[in-house]
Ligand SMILES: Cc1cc2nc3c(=O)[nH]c(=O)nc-3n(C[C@H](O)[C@H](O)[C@H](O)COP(=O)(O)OP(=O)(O)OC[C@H]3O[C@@H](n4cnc5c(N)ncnc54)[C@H](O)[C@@H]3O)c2cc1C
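Read the single chain below, which is given as structure tokens and is the form predicted alone.
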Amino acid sequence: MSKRVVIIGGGAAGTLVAIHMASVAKSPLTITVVEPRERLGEGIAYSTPDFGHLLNVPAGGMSAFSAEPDHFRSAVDCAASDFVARRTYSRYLRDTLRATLEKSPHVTLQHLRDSASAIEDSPPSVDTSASGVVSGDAVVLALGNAAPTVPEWIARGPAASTYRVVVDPWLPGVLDSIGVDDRVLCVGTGLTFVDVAMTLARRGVNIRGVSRHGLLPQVHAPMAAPPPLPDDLATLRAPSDVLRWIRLQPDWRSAFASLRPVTQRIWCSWTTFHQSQFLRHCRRQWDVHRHRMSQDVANEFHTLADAGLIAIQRGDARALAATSEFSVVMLCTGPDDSALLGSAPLASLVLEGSICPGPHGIGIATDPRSGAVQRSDGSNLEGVYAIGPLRRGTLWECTAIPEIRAEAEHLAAQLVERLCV
């Protein structure tokens, strides 16, 4: 009898899980991907139609297979150091899934163009908006990032306002609706802001980005050879130890490259106090150095800024919005985990007490090793797993393809071993 796995979310994470399950399955397996988009492999990150939106990781780090680091680079015919368009990556994922399925006689994949509305865990099943209940032997939550956090001053703002609020800049058609006469205030100055600002500024729209620190992402550049890590990672037992080690290295970019494969281990080894300390005092600096933009993107961004189309400042977004200077206020803030927990399909499990927020209120609680979703008492929810950004509180580093790929490989191997015996 064929076993069934239901994957909720057909973006990069969900597609990678399907690819790796198809790669290792040796007995009948049916994979159902519940994804309302027309094409798999896109999600929020890779559905952008703008060829100017580039990957934030060089092509050499984007292979779907850790054992074949050149797989992506060869497939799209580029150098390992190139930063290619994000939509190119979504096509690569679809092509790789198709090719893997063609070589996997035991695996059948169904793309169910629907939305998951609720999840049951005994036995695992998914309620959908229009297609009824999809039963499975396991359910994988590959929901990607939540929509941006809505500041309280916007959520509880006056009914009448001089500006239009764009809560999610990645909704289809949102950026197209903004014209050259609009004056746009972007709340947040991270990578989302960079993408949004460049798309609009190319059309002559004036944009100002504001954040508490006024910091832009740093820029990728050629690196020295990654330095060796301490022989004993236990010496990096607090954020101050990690920062001290980075500062001792001649090239901070190379230092981050060395840390990246072990960041999850370091995070999980820290006490709750030290994790909280990092989030309070180091998070923003870590983010702008860890999540960088390519040199080409940086060059164009600064050209547009020099032309007066993009400006950045440190300050109070609410006070700026109140000046009546702007016709559009756009949220480029981080994901809103609390809103995600209150929305489908997670809300049903929250109400039952079957899942709970992750450490520090980030994502959902998961087992660090298996990815199994955890209840508030620390026990694993049988047959329900998570991958990607949902695990940020547990693993911290789990939002980029190199980490998601490793999670997908590990999770696929677990599920096939458990189900396909």
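Residue indices: 1-based, along the sequence shown. Predicted, not measured: the structure shown is a model, and the values here were computed from it.
As for the form predicted in complex with the ligand, it is not shown, yet the points below apply to it.
- With the partner removed from view, the residue among 206, 115, 125, 254 that has a non-hydrogen atom within 4.5 Å of the ligand in the predicted bound form turns out to be 115.
- Taking a 4.5 Å heavy atom cutoff to the ligand in the predicted bound form, the contact residue among 371, 383, 43, 358 is 43.
- Shown alone, this chain has one stretch from 65-73, 29-37, 371-379, 348-356 that lies within 4.5 Å of the ligand in the predicted bound form by heavy atoms: 29-37.
- Using a 4.5 angstroms limit between non-hydrogen atoms, residue 143 touches the ligand in the predicted bound form.
- Although the partner is absent here, residue 415 sits far enough away that none of its heavy atoms falls within 4.5 Å of the ligand in the predicted bound form.
- Under a 4.5 angstroms non-hydrogen atom cutoff, the ligand in the predicted bound form has residue 56 among its neighbouring residues.
- Shown alone here, residue 400 lies within 4.5 Å of the ligand in the predicted bound form, counting heavy atoms only.
- Contact residues in stretch 9-23 (any heavy atom within 4.5 Å of the ligand, taken in the predicted bound form) are 9, 10, 11, 12, 13, 14.
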